[in-house]
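The chain below stands alone, shown as structure tokens; this is the form predicted alone.
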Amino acid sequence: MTHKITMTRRAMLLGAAAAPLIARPALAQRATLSVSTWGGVTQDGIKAYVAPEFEKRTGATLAYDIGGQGARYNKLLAQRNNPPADVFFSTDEAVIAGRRAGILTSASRKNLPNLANIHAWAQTVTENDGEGTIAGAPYTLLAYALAYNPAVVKDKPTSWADMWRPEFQGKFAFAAPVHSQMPAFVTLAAELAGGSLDAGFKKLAELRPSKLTVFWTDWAPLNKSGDVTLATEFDYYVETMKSQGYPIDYVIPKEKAIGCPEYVSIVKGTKHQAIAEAFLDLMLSPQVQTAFAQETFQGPTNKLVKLTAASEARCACGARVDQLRFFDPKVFADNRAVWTERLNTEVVPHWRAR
């Protein structure tokens, strides 16, 4: 990913945040906290807006284990006896799955004071290890919506049903079966088809995507070449593309976009529980979330974040939250394996997508 963080902007934001942030006594000396996260925008944001204050507060440094969510999750499973990371960035569904698999653990609420200012709608994972704990920290909000090429598409989409419009068949980039948001599309297709799950899979099979994606760079070159005119994608990636000059825009469908709170949670077996909790609390702070919203277009979950109108228009926040639909991540965790198998056997063979 090529989206860059400007260091001048970083210095300004962190400098403004220095006064309200209360320094804690060092929790570790020369310790290293390993962060399992996505590369590009997210890693750049952590390095720019989190690492300096984290090191100041704890005396520890950060290291990174970078990759797609699925690959990083499987790595935790395979190395559970010697975890390769201390904290794990993921969607809410993966937090539940990880707890069930015994690779993620809870954090103490008393060590996350910023949790008191997190919106209730962001706290989609309710499982914990007791009243005084929390499964993970919902540090940002994304919207998964319909992206389109405004230079080519004159009748812009307004509904998820527009994915089946004839002019988009063969020019459509769609979430792959392993994508974090695919269970939501199984549900949406079932609703569009009348409510039956079987009818939903049949309707999905009628789509004709030309490209299956898990990341925006999978289809971005096809947007520039004109081979993709419609795509399902996260709002902050589309905003990144717009900043880089791609012919792209996006719409919130009339049925609402998919709301996706992103979490950071603690890996079970970490030797650095205390500094991991300090990291989670920092991700929930208004200062860090303001920087993420302004520079990486990720919506804040902290009620104290105040954005300019220009920044608010480019992320999932404010009035836009009411245009998002939040799915129960437990339902996705319960059904993902079966639904993925059905997609691969009943749906994907009809697509013939790359």
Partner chain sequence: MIGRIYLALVYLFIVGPAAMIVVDSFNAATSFPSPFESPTLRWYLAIWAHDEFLRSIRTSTIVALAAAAIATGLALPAAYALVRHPLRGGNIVATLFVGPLLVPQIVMGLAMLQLLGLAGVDLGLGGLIAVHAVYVMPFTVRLIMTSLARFDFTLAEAARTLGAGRLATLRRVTLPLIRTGLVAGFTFAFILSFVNLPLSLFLTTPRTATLPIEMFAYMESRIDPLVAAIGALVLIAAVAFTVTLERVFRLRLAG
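Residue numbers count along the first chain shown, from 1. Model, not experiment: these values are computed from the prediction.
Heads up, the form predicted in complex with its partner chain isn't pictured, but that's what we're talking about next.
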Just one of Glu312, Asp65, Glu295, Glu53 has a heavy atom within 4.5 Å of its partner chain in the model of the complex. Which one?
Asp65
Exactly one of Ser108, Thr217, Asn117, Asn128 has a non-hydrogen atom within 4.5 Å of its partner chain in the model of the complex; which residue is it?
Thr217
Does Asp44 reach its partner chain in the model of the complex, with heavy atoms at most 4.5 Å apart?
yes
May I ask you to check whether Pro329 falls inside a 4.5 Å heavy atom distance of its partner chain in the model of the complex?
no
Taking any heavy atom pair closer than or equal to 4.5 Å as contact, tell me whether Tyr246 reaches its partner chain in the model of the complex.
yes
Find out whether any non-hydrogen atom of Gly269 is located within 4.5 angstroms of its partner chain in the model of the complex, and reply yes or no.
no
In terms of non-hydrogen atoms within 4.5 angstroms, which of the given stretches 186-194, 238-246, 146-154, 199-207 touches its partner chain in the model of the complex?
238-246
